[in-house]
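Okay, so here's just one chain, in structure tokens, the form predicted alone.
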Amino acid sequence: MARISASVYTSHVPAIGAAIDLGKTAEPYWQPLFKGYEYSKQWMKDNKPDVVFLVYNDHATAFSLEMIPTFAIGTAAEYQPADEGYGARPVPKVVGHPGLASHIAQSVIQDDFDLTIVNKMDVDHGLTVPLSLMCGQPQAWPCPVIPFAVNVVQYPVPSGQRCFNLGKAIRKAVESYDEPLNVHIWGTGGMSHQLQGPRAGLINKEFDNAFLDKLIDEPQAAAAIPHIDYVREAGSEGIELVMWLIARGAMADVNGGAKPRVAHRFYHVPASNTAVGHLILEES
């Protein structure tokens, strides 16, 4: 049977992708941020999964404001980098895993979560920046990826608790897949940031680090954080952190198993007026 062996959490700031693509990672502004991912890139090589289930949000590329699914799972064989208005990132195409993706869709929908099944879409920086941070600049990504898009752009958005419960359903689905696959689940987006209005540029280090503490030691308490707290404390885009709860809900300890081990934790500000958080949890 397939198994989830680790969860990865990271911000997906578009300017990070631009810094990588334009060769700016060693510049004084960016060097401290990329240093925090050196461990992660080596860890990814040493703990290479068979599949990454990557939770992210689309930024009006695959889905316009005309149609916004709350949860959408990619079941295609491959996905091209999206043109987000300034050209597609010069990164490899994303190879999917239709078999596992379709199985997860079947299982999760039967567990009463409504998913939109997407057989064709392009993927934007929300998905490709985390891959670049964890994998560098390879000719091809090291493994297949299942894109899982969550609406955190247009209200109403799903609650943290619903995302956490969805993570549990995803773990159940993975463990019922009849093939010995090693799966990582990644939660991306956040941390505190706001892109518009009087509070544009807001960064709340205290809230961010408290969230990381809760995510590690009190995941149920993290899941119980109401929307208004994210908006008030972490800015309008801080709501992206609910996507991290999907990955955390898929770990063993909240499903009757052992607590995960913290392999790596990193936090840095600023990165294009955004707080960057990163965490790797390994199953015991």
Ligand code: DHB
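Quick note: we count residues from 1 along the sequence shown, nothing fancier. In this text the structure is predicted, and so the values were computed from the model without any measurement.
Note that the form predicted in complex with this ligand isn't included here; everything after this is about it.
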Within 4.5 Å of this ligand in the predicted complex by heavy atoms, the stretch out of 191 to 199, 90 to 98, 160 to 168, 136 to 144 is 191 to 199
Checking Lys259, His227, His59, Lys41 against this ligand in the predicted complex, the residue with a non-hydrogen atom inside 4.5 angstroms turns out to be His59
* **4.5 Å heavy atom contact, His125 to this ligand in the predicted complex** => yes
* in the predicted complex, does Asn273 have a heavy atom within 4.5 Å of this ligand? -> yes
Discussion item. With the partner left out here, check for me: in the predicted complex, does some heavy atom of Ile20 sit within 4.5 Å of this ligand?
Written reply: no
In sequence order, the residues of 1 to 26 that place a heavy atom within 4.5 Å of this ligand in the predicted complex are His12, Val13, Pro14
